[in-house]
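Below you will find one chain, with nothing else, as structure tokens; this is the form predicted alone, and questions on how it binds or moves follow later.
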Amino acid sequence: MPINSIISLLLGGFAAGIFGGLLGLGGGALLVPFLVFFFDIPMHQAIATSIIGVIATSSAGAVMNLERKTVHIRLGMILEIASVAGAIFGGITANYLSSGTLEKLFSGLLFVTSIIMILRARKHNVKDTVYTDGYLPASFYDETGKKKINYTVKNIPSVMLVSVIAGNVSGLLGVGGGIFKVPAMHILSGIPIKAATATSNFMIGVTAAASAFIYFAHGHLNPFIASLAALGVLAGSMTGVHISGRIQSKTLTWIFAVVLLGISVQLFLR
């Protein structure tokens, strides 16, 4: 592979990692389109590479978020049970679908999620609606607001159902499931957006690992490309998590929505 392609792959992984760590997406939402658009890599191979990048993002981001205590560990462990089951099924299903079908599914899911986040942000004037009458009470210190935020979790069964879908999407499209987990935890459970992104980062690595072996067994994983992308994603995710602690929830919500909307439109037009 030419040196310029290697540098491009590292930089693309770095950019995907920044958004992955910042938004709890795992980086796949950017890495998959990047590999398909700029390297003309087949969709199945791009997804397999993305899954490795998601694992790298989670590994780096989880440690930093755990130190900040923004991760809701108990909620993450509960939701991960559902996510892993969905991821295994998604990884198996993906091998029976064409690349074109996967691209359209990817585009549609990103579009719907982005619209939901935009409506949510506008409805609440971009402020977190925190519930204190739910379950699994938790708290964290918001560095930007300079205050401690206490919250509880609502609608756990509903979020578990979404986690099954998120796991399926992770195995099917290689995005870590964060595109569903973050909005579900934020909108349905009512936990702050920063806690939602941190908890998503905590979970997505395990979800991705559940389907990674399926893609490897079917020969979709190129170790050289995956390792380069993972290095870039790893560095980018650490940067993204660092930035997330210094950005307002309002800005974080809008970035999440706009990034997903832009990617969905570009991928659909392709």
Partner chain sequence: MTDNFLLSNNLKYKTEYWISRILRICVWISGSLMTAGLFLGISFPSTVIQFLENPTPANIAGRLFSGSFDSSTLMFAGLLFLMCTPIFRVITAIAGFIAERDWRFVFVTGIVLVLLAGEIVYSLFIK
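Numbering follows the first chain given and starts at 1. These numbers were taken from a predicted model, which means no experiment stands behind them. Rigid core here is just the name for the largest C-alpha set that superposes within 1.5 Å across the two forms.
If you look for the form predicted in complex with its partner chain, you will not find it shown, but the lines that follow are about it.
Using a 4.5 angstroms limit between non-hydrogen atoms, V206 touches its partner chain in the model of the complex. A residue is said to contact a partner when one of its heavy atoms sits within 4.5 Å of a partner heavy atom; V84 meets this definition for its partner chain in the model of the complex. Although the partner is absent from this view, F39 stays clear of its partner chain in the model of the complex, with no non-hydrogen atom inside 4.5 angstroms. Interface residue remark: L35 is not counted as part of the site for its partner chain in the model of the complex, having no heavy atom within 4.5 Å. No residue of the trio I118, G145 and V259 has any heavy atom within 4.5 Å of its partner chain in the model of the complex.
For the options I149, I187, V164, I78, the one in contact with its partner chain in the model of the complex, meaning a heavy atom within 4.5 Å, is I78.
With the core held fixed between this form and the one not shown, S139 has its Cα displaced by at least 2 Å.
With the core held fixed between this form and the one not shown, V153 has its Cα displaced by at least 2 Å.
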